[in-house]
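Quick heads-up: it's one chain on its own, the form predicted alone, in structure tokens.
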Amino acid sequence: MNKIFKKMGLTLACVLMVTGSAFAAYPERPITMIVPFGAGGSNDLPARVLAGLMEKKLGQPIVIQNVVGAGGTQGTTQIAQAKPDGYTIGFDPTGALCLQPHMKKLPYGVDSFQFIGMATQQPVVLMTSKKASWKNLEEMVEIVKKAPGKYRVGISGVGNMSHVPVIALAKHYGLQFRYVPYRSTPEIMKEIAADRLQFHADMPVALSQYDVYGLIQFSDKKVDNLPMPNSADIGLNKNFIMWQACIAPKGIPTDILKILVDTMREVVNSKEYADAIHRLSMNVWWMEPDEAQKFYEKEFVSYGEALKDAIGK
């Protein structure tokens, strides 16, 4: 009889262990947030702000994993192919999601992700060294026109947001630049400081990080803290707005998604987050998952058309 009770007790203990594991509260271990660009860059910094505030509310660390390469597509591919269990999420920008899939065949597209929410929004800015021989956009255009192919633009990937806006500007003015690919913004800025490059298009946060200044913001609406011309000022009918979203692989369980969405919503709408994002010269931009997905689908088409207009892809 004792043996029977012992077996029953052991069986019950196993059932309780399995049940407890199955219904353990999410998250019960650290979460990985993939950033598809290098540490210290304009995609990495806001991701760290978001992760740092979300982990306080979730009670588990959110570990940033920088996956560098191929214009952000390597890291974005890893997000798409990750197990949809809520323990791998991503912080992804416009270029890797909306431009790169039109450039080459990739293992992800508009149906590959579940949006958790939008985090930031800001115009792309063309920047140059403070030591450059020009002091504004008009002077730059005049000098570059006289030396076709002489001046170099550092890009973080062919056909991404560091590349396509500059092509649009060059076509508008009839300029000829040389485009040189690099793996990250910090690498590009070192080359600009050494005068091996003259230009780079990036998010406004780079203006406060490096010895550069902005020539133009690629938006039809000016941002107050960016004292430079915008697209509308020069008659360039092009908007290149860089947004960043928190995403997960498709198929993430509904209950886990809700926890992530509720947490992110609270953080993005907090004063602490807003203050940190504004210090990076970025704009806070919350958008609910369903709305974000629909917006993404429209942007995907729009940027495909912009890419075709710029480089014929």
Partner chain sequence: MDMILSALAEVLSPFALIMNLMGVMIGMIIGALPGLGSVVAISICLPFTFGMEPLQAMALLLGVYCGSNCGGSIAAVLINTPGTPQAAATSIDGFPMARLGKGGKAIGWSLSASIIGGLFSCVVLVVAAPTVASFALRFGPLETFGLILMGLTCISSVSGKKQLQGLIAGLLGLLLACVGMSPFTPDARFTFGLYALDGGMDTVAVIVGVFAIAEVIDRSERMLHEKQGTVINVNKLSMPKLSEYKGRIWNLIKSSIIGTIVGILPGTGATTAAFIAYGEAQRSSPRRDKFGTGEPDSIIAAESSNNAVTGGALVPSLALGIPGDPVTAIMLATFILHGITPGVRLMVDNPAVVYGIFIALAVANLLMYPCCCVTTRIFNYLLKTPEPILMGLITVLCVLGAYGSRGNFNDVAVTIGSGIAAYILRRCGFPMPPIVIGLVLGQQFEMSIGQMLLYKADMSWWTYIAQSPIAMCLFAVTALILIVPLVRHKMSSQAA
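Residue numbers count along the first chain shown, from 1. As the structure is a computational prediction, the values presented were derived from the model and not from experiment. Heads up, when I say rigid core I mean the largest set of C-alphas that superpose within 1.5 Å between the two forms.
What comes next is about the form predicted together with the partner chain, which does not appear here.
**Q** May I ask you to choose, among 179, 173, 134, 213, the residue with a heavy atom within 4.5 Å of the partner chain in the model of the complex?
**A** In short, 179.
**Q** Within 4.5 Å of the partner chain in the model of the complex, heavy atoms considered, which of 228, 140, 236, 103?
**A** Selected residue: 103.
**Q** Of these, 283-291, 263-271, 246-254, 38-46, which stretch puts a heavy atom within 4.5 angstroms of the partner chain in the model of the complex?
**A** After filtering at 4.5 Å, what remains is 38-46.
**Q** Quick one: is residue 78 in contact with the partner chain in the model of the complex, heavy atoms, 4.5 Å cut-off?
**A** Output for residue 78 is yes: heavy atoms within 4.5 Å of the partner chain.
**Q** My question is simply whether residue 158 lines the interface with the partner chain in the model of the complex - judged by any non-hydrogen atom within 4.5 Å.
**A** Within the cut-off, so yes.
**Q** Determine whether any heavy atom of residue 84 comes within 4.5 Å of a heavy atom of the partner chain in the model of the complex, and answer yes or no.
**A** No, residue 84 stays farther than 4.5 Å from the partner chain in the model of the complex.
**Q** I'd like to know if residue 120 sits close to the partner chain in the model of the complex, meaning any non-hydrogen atom pair within 4.5 angstroms.
**A** Result no; residue 120 lies far from the partner chain in the model of the complex.
**Q** In the model of the complex, which residues of 251-272 put a heavy atom within 4.5 Å of the partner chain?
**A** Contacting residues: none.
**Q** Please determine whether the C-alpha atom of residue 91 is displaced by 2 Å or more between the shown form and the other one following superposition on the rigid core.
**A** Comparing forms between the shown form and the other one, the residue 91 CA shifts below 2 Å.
**Q** Residue 241: after superposing the rigid core, is there a C-alpha shift of 2 Å or more between the shown form and the other one?
**A** No: residue 241 shifts by under 2 Å between the shown form and the other one.
**Q** By the 2 angstroms cut-off, has the C-alpha of residue 154 moved between the shown form and the other one once the rigid core is superposed?
**A** Residue 154: C-alpha displaced by 2 Å or more between the shown form and the other one.
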